[in-house]
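To begin, one chain is listed below as structure tokens, in the form predicted alone.
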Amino acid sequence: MKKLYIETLGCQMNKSDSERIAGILSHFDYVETDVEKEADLLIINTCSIRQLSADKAYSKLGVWGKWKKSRPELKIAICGCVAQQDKEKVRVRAPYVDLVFGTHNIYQLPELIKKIEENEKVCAITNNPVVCNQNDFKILRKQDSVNAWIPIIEGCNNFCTYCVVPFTRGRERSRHPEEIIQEAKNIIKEGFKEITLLGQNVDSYGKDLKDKNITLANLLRDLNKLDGEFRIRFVTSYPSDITDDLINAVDECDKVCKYFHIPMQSGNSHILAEMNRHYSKEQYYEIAAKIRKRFPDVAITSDFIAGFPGETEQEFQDTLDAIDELELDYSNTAAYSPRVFTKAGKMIDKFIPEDIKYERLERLNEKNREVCLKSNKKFVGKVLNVLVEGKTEKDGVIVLNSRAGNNKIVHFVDDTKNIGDFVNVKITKAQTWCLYGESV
């Protein structure tokens, strides 16, 4: 048996890809290891959303390249968005790499692995995805987890001016519902308790298929009918693609979490237009209000960028105000990072100085901490149904780490419960990033 180590950077889609890569390679007698130096094949699955992630990938390759000097038989591969974006540049920068394969080439791995095992250097980057039934390949999910991911749509058609995803993941491509439902059945049979449906724009699901009855709303309804005790999430939503039918489906389906991750990116309509986001500040407010009216204990989380090219201080202040006014429960935050191929990356004359950009990010993070604590305090005294995801020991006491349907992290003590159990917990204390409670 040969040992495989995969380091995954970036989003849940990348993590799901890594599970598929490990499954494919298991047919070639590769077994995953958590110890890098034991591996016969090292793979880094990369993210190019921000330059920091790309730099981290090349830094890791540099370390592995040094190992290869003393172990020439060691195989090194890079995949994911940096590989798709940089193509042959990877081999110039890291000539010791044996295999470069893009986001569209995962299902070519059987032939690619054979080539590198015969000491051939391979760069497999295409702009057209290799199409297959993904259920034909084994998926090696982490068996110590209660959560499983299912990609239902990949790629993006929106071309936000700051984002490289359309160039690295391609245009939107939906999987057929029969294939998704079969994968979900397999997941439930394996004992997983939570299924997360993935997509760069998950609620665009089905738009590229001929059958117009194939929508995220109808997929949720079909999955909700499956037997078993489990729950369903979906991420990430694009604001203007959230339909009334989708909201109705979330309401109808008892297994679907009352949780929406809806990136806003800026609280100013002018900046949203500069970003090529297809909604205004006012439209986002309408969508959020509609969701909160329907689901009293819903959590709405978001993403924001500080220091987008040309952003004025007042426009940034509009973002801080929006986070307050929308009563967002949590937001992912980042300073603007210029990306290759994107329109914003060419707005050099509008770039915000680094010190101002990161000072704004600091204020954005402070606002995020403030609203998170405010949101969590609303749940003190309430009972939330949670899924136990893990255990930790604190001061000699075993604490159960769990997550509510609305994505709130909840810690409680109960030695009668186990990982994978659904438990009703009364919230007794709120902190910035989590809640504490007792089972009832």
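Note that the structure is predicted; figures quoted are calculated from it, not measured. Residues carry their position along the shown sequence, with the first being 1.
One more form of this protein, predicted in complex with a small molecule, exists but is not displayed; see below.
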Problem - Partner-facing stretch of 63-71, 403-411, 382-390, 42-50, counted where any non-hydrogen atom is within 4.5 angstroms of the small molecule in the model of the complex - result: 42-50
Problem - All of Y162, P263 and Y336 within 4.5 Å of the small molecule in the model of the complex, heavy atom check - result: yes
Problem - Partner contact for Q200 in the model of the complex: the small molecule, 4.5 angstroms, heavy atom - result: yes
Exercise for the section: Decide whether F192 counts as a contact residue for the small molecule in the model of the complex under a heavy atom distance cut-off of 4.5 Å. Expected result: no
Practice task
Please check if R360 has a heavy atom lying within 4.5 Å of any heavy atom of the small molecule in the model of the complex.
Solution key: no
Problem - 4.5 Å heavy atom contact, D303 and the small molecule in the model of the complex - result: yes
Completion exercise
In this chain shown alone, the residue from T236, N268, S331, N105 with a heavy atom within 4.5 Å of the small molecule in the model of the complex is T236
